[in-house]
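Single chain ahead, by itself, as structure tokens, in the form predicted on its own.
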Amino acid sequence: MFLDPQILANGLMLGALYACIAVGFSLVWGVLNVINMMHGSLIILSGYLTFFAWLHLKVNPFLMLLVVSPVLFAFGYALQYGLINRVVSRPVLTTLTLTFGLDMILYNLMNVVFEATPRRIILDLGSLSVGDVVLPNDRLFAMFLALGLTLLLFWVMRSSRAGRAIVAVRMDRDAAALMGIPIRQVYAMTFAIGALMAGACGVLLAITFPVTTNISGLLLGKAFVVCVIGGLGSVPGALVGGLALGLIESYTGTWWGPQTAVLLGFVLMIVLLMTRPTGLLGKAGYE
């Protein structure tokens, strides 16, 4: 039962999506020390945009990755540079309150414009059978795209000039400023990347699960759990944490029901906070 390949496959598909959900949230928290309470609502917003583009304009939802992600990137950059940067150096409670207020505005606007009715894009893509394991192609494509986006972000952080600047600011903001790195622009770029990843996740979520504002808080909670498991501000940590949470929920959901799966994830988060606050791949100073 523990090695049931169907449960394992379901957990990996779910975990890849969790990793993609959490990686932008983790990056913003680790670099800016800002807990972006809007993250879940940004995912839902992009999911709604994808759904209505598919419903009314007949746009292939996978192609919406090329539309929604840049839009969320621009929105995140403008929001950070024009508003959050004004209070980013203040205590974390200030930025937490600000992003929470922005989240409430966005959440209620979506309820007014889109309503809270669950919506899902239904694509007849068939399924792939490998022995006794059945893999729906929509979830399979979403898994590979989520993994690809997460690995792409890892490459950007390791290899690009902008990525190295973000890492430098994360490690030592004052030293980075002395080296001529524009801190405000790096902060805005980091927040924009977090919003871009949220946008991409929303597209993939709308293809695989029903989208509704009622789950924005749950998605934010998943991001918290993945960050605690994997380590704050770490792209590999988000990947490991997301896959771990996906497997845990897949097995416990099969054995004891989906409610228990959600509960166990948060229990694990509390245990790790008490015993290993840096997470599995995190570094001291970023817990």
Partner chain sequence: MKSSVSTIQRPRGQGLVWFVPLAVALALVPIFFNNYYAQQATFVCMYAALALSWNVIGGFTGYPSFSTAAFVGLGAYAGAILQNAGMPMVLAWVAATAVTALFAAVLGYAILRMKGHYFAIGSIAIVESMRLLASSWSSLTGGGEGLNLPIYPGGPDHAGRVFFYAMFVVMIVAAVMSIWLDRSRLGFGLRCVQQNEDAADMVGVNVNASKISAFVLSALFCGTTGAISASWVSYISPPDAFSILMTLKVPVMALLGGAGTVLGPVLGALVFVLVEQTLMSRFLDYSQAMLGLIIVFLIFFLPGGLLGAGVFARISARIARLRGVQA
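Numbering follows the first chain given and starts at 1. All of these numbers come straight from a predicted model, not from anything done at the bench.
One more form of this protein, predicted in complex with the partner chain, exists but is not displayed; see below.
With the partner omitted here, the stretch from 205 to 213, 124 to 132, 91 to 99, 137 to 145 that lies within 4.5 Å of the partner chain by heavy atoms in the model of the complex is 91 to 99. Contact check for Phe75, Thr117 and Leu243: none of the three has a heavy atom within 4.5 Å of the partner chain in the model of the complex. Of the residues Tyr251, Phe224, Trp54, Phe62, just one reaches the partner chain in the model of the complex with a heavy atom at 4.5 Å or closer; this is Phe224. Within 4.5 Å of any heavy atom of the partner chain in the model of the complex lies no heavy atom of Leu219. Proximity of Met104 to the partner chain in the model of the complex: non-hydrogen atoms within 4.5 Å are present. Using a 4.5 angstroms limit between non-hydrogen atoms, Leu45 is distant from the partner chain in the model of the complex. Under a 4.5 angstroms non-hydrogen atom cutoff, the partner chain in the model of the complex has Met269 among its neighbouring residues.
Although the partner chain is not shown here, in the model of the complex the stretch 239 to 263 places heavy atoms of Gln259, Val262, Leu263 within 4.5 Å of it, in sequence order.
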